[in-house]
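Starting off, we have a lone chain in the form predicted alone, written out as structure tokens.
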């Protein structure tokens, strides 16, 4: 058996490897430096502070609810965009992605103009007993507005990857439109939908500007916490880097562990 000969990397490969190394250092160096800046004792003591753990729980809870609502409302829209052609479709797809590119403080102002109590939707929901200014519901819609495009775009790609002929075969075998969607299209597109949900949840967790404008302190678990992104900024502005550092480490670690876990589940689903 002949031994495999070592081949010298091509010039382009060397350049790409070096550039890749630089961007990886750029991504991981700040995270690694921050995560290792506080000891376990400091992190545990910080986590036990009421405003810290209620802030983290509020953020996780609101992002989760926003993702559930996004699934219920966004998946049907993604299916329509994947399966139907109509006038203005390209404009509509561009409009859906606008929340990604506009400043999120501006997104908060835009939501305030719709869901504030002095405006139409705000008055309607207020009559139903739901308010959005300085409430958990406000945190939810702020997160949902800026993160929903990730779910819709990913689900749309998933449905486009499902062969239309499979749906037609299901219909010819007697399945209704609902049965065809639930038993054929949805199971085949679930990986993209799940990946989009993970991205939506993660983006909602990190939201700052829209939440700051719409819902600052909110009643939650008998306390009035702020979202964790706002807590980090508040501590840094009020007390400096040393006060903000352990909260920042906790937020990064919780987000990292949860995100990696969910992405691992999605990747295992792809392999199977």
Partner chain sequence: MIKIRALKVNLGDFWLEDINLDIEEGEYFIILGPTGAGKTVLLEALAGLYPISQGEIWSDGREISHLYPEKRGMGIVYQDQALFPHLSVKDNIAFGLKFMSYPREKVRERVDDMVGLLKISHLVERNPSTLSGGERQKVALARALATDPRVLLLDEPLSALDPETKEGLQGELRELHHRVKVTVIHVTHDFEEAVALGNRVAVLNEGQIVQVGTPDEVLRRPKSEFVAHFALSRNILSGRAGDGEDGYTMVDVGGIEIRAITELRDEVHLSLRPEDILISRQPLHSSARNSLSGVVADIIPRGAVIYVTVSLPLELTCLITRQSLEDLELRRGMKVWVTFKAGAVHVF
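Residue numbers count along the first chain shown, from 1. Just so you know, these numbers come straight off a predicted model, no measurement behind them.
Keep in mind that the form predicted together with its partner chain is not shown, yet the notes after this line are about it.
- In plain terms, the part of the chain that comes close to its partner chain in the model of the complex, with a heavy atom within 4.5 Å, is 179-187 out of 179-187, 120-128, 91-99, 107-115.
- At a distance of at most 4.5 angstroms from its partner chain in the model of the complex, none of the three residues 217, 219 and 227 contributes a non-hydrogen atom.
- The listed set 81, 170, 71, 137 contains one residue whose heavy atoms approach its partner chain in the model of the complex to within 4.5 Å, identified as 170.
- Residue contact check for residue 103: none of its heavy atoms lie within 4.5 Å of its partner chain in the model of the complex.
- At the 4.5 Å threshold, heavy atoms of residue 77 stay clear of its partner chain in the model of the complex, well away from it.
- Annotation for 148-169: interface residues with its partner chain in the model of the complex are 163, 165, 166, 168, 169 [heavy atom within 4.5 Å].
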